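Listed next as structure tokens is one chain, alone, in the form predicted on its own.
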Amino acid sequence: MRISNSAKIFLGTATGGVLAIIYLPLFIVLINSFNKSMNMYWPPPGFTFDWWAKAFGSGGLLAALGTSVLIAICSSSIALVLGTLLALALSRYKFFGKQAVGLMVILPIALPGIVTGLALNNAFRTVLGLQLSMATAIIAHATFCVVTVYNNVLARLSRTNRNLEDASADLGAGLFTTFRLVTLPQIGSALIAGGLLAFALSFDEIIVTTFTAGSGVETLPIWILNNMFRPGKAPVVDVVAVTTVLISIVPLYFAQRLAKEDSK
């Protein structure tokens, strides 16, 4: 389909405007992380690396970073197991309520975070009688991280050759042997992509974390929220925000690369 020059100009301008709305604020945060002024005067009166040195010399900040990484790794690991099992069950078997189960698996990522957080908070504290801790935060993150793994694996299973699995069964291989030698190699890249997306999703989550983490659990997004309006903390918070963006980009980049390679 051919597009006229005027349509190309309009689409290019609209695309540029949307990208500017999305990324210009991030660029301002990046510039402010080097802003010499503690009060974030704009335009910056000068540039310095002092805020970066101060940020990565903070023990509390590094502890929050480690907590975020640990929660993201644990919740992603849980999501990999549960998401893969759910995708296998819904793609390979027929049973009553299959469509309802598929909807319930996807629903947590569609619900507002505050609703999910409040529901899990009530479940942990009143129904189960648990004290909020890092473990409850990990479980809470896994509830929506499982969706990314499930979607990736389900899409891959829909394109795999089931005849190979049937042939493996005909040759006497058991269920787990068939999965390990036949199914897993076919869905391996989808698992990696789903795990990376789950990690990125968990790493910068704040709403659900606020409702489900204990008082002594401070993730990097919570550290940003707690320090945003403290005197003299604005430049350091900008540094942490830039760092969070950079860390989140890495798994998203590799997940996209895997998706492109699989589509070839």
Partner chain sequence: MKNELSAAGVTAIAVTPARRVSSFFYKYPKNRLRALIALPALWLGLVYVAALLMLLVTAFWTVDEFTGNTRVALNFDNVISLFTDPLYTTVTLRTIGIALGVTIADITLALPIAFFMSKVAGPKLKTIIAISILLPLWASYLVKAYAWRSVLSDKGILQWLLAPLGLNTPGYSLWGAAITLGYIWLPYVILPIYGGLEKVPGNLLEASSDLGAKTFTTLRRVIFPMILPSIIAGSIFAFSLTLGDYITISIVGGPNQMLGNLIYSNVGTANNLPMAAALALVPIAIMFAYLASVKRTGALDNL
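Residue numbers count along the first chain shown, from 1. This one's a predicted model, so the numbers in the text were calculated from it and none came from an experiment.
As for the form predicted together with its partner chain, it is not shown, yet the points below apply to it.
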- its partner chain contact in the model of the complex: residue 211, any heavy atom under 4.5 Å: yes
- Query: Any of the heavy atoms of residue 195 lying within 4.5 Å of its partner chain in the model of the complex?
  - Reply: no
- Is the gap between residue 69 and its partner chain in the model of the complex 4.5 Å or less for some heavy atom pair? no
- Does residue 189 reach its partner chain in the model of the complex if we count a contact as any heavy atom within 4.5 Å? no
- Task: Work out which of 73, 88, 130, 155 lies within 4.5 Å of its partner chain in the model of the complex, going by heavy atoms.
- Result: 88
- Residue by residue through 136-152, tell me which have a non-hydrogen atom within 4.5 angstroms of its partner chain in the model of the complex. 139, 142, 143, 151
